[in-house]
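Quick setup: one chain, the form predicted alone, written in structure tokens, and binding and motion questions come after.
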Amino acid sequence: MEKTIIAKYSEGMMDKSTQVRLGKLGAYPFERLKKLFSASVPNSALAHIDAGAGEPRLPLPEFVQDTLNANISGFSKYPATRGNAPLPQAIADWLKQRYGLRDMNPATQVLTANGTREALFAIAHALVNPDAEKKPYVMMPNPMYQIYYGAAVTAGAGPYLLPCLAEHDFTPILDEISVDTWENTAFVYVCSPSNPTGWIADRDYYARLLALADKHDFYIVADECYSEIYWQDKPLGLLEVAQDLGRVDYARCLVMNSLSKRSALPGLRSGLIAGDADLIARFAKLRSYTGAATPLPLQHVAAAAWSDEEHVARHLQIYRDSLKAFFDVWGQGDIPAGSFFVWLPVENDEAFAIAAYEQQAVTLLPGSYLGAEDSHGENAGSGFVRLALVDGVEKAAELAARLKKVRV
């Protein structure tokens, strides 16, 4: 039973050749989508709706232009990879305010990043030792943000897939994992709220993972990029749960978050890494060689964004209204607990994506492109498509109306 959730390409993943590891990766989902549409033409009578990419297209917060202008001279200076003041402090202050954390040292428990994509990828290279006899696995949800998979493979680990299935409310399945597998796990990726399913980790889930991490000596990396986009209840954070359990040093924990979704600033490329000071120090050393530092003017914009909640509240209301508008028109299914994605069940995800593009000028992403095949050839993302509601309420309603007309 357990063998079925190990990634198809796990065997031999410990090969030391980077070239061989890269060869085990397929094309990135959006490259696959271009190939899928290569022989298709969208309906020219309709304006195109791009619901494929999770790229918020909301108005810029008011402070962005003024803050950038006031700090424009910073482009003449080298920024620090760890982040310059006031950004780490603004991040620490936000984490304390948002999650009720009593302590968060900006000097030792916070790093800045050029968005979290870079950080989520690079962290595997800080936490995985490909020369070790043990620890060959990196656990991750399936379906997933594909960066997790690529990070595990290129770091010399085997992706260990945790199926996220509708019958389990898309909770990443931890049952029936052997002690030996846990003992050979370097770290676990958690995505909450989830891209693409909208699942949110509860206190019990995080507490269970923390207990397993202590028992079997692995780390937890929580991708919380959609933490400020939710339907009803504000999502818990890993550090919040750790503190409640008495882990005031956030041992074994790293969280990552971004202004791309929270502030609708994907082009700013600014994110945070926070948690266990020892892991932060290890990651900071790696990033001093590999991580691009965020330009100083952009750091000031980021600090302003982490310090302002008014624009976040406005964005949240737009996303909630968009989700409601979509499901009011669609007429079935449940609004996801978190994120601005709709994880829509279909009979054949690639066929539906092509039909939506050709018939209704809609771009969406086949769910199988966000999943990975297990050792039995099964892909937990198959039979779904991912829709990103990033264009506001009217477009969300129109998207639902168009998709109801798709015939496969």
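Heads up: residue numbers just count along the shown sequence, starting at 1. None of these values were measured; they are calculated from a predicted model.
From this point on, the text means the form predicted together with a small molecule, which you will not see here.
For the residues T294, S322, T185, S258, the 4.5 Å heavy atom test against the small molecule in the predicted bound form is passed only by S258. Only one of L161, I91, C191, L254 lies close to the small molecule in the predicted bound form, with a heavy atom inside 4.5 Å, and it is C191.
Proximity of L120 to the small molecule in the predicted bound form: non-hydrogen atoms within 4.5 Å are present. A residue is said to contact a partner when one of its heavy atoms sits within 4.5 Å of a partner heavy atom; T116 meets this definition for the small molecule in the predicted bound form. Residue contact check for R269: one or more of its heavy atoms lie within 4.5 Å of the small molecule in the predicted bound form. The small molecule in the predicted bound form comes within 4.5 Å of a heavy atom belonging to Y145. Proximity to the small molecule in the predicted bound form, taken as heavy atoms within 4.5 Å, picks out 224-232 from the listed stretches 307-315, 78-86, 274-282, 224-232.
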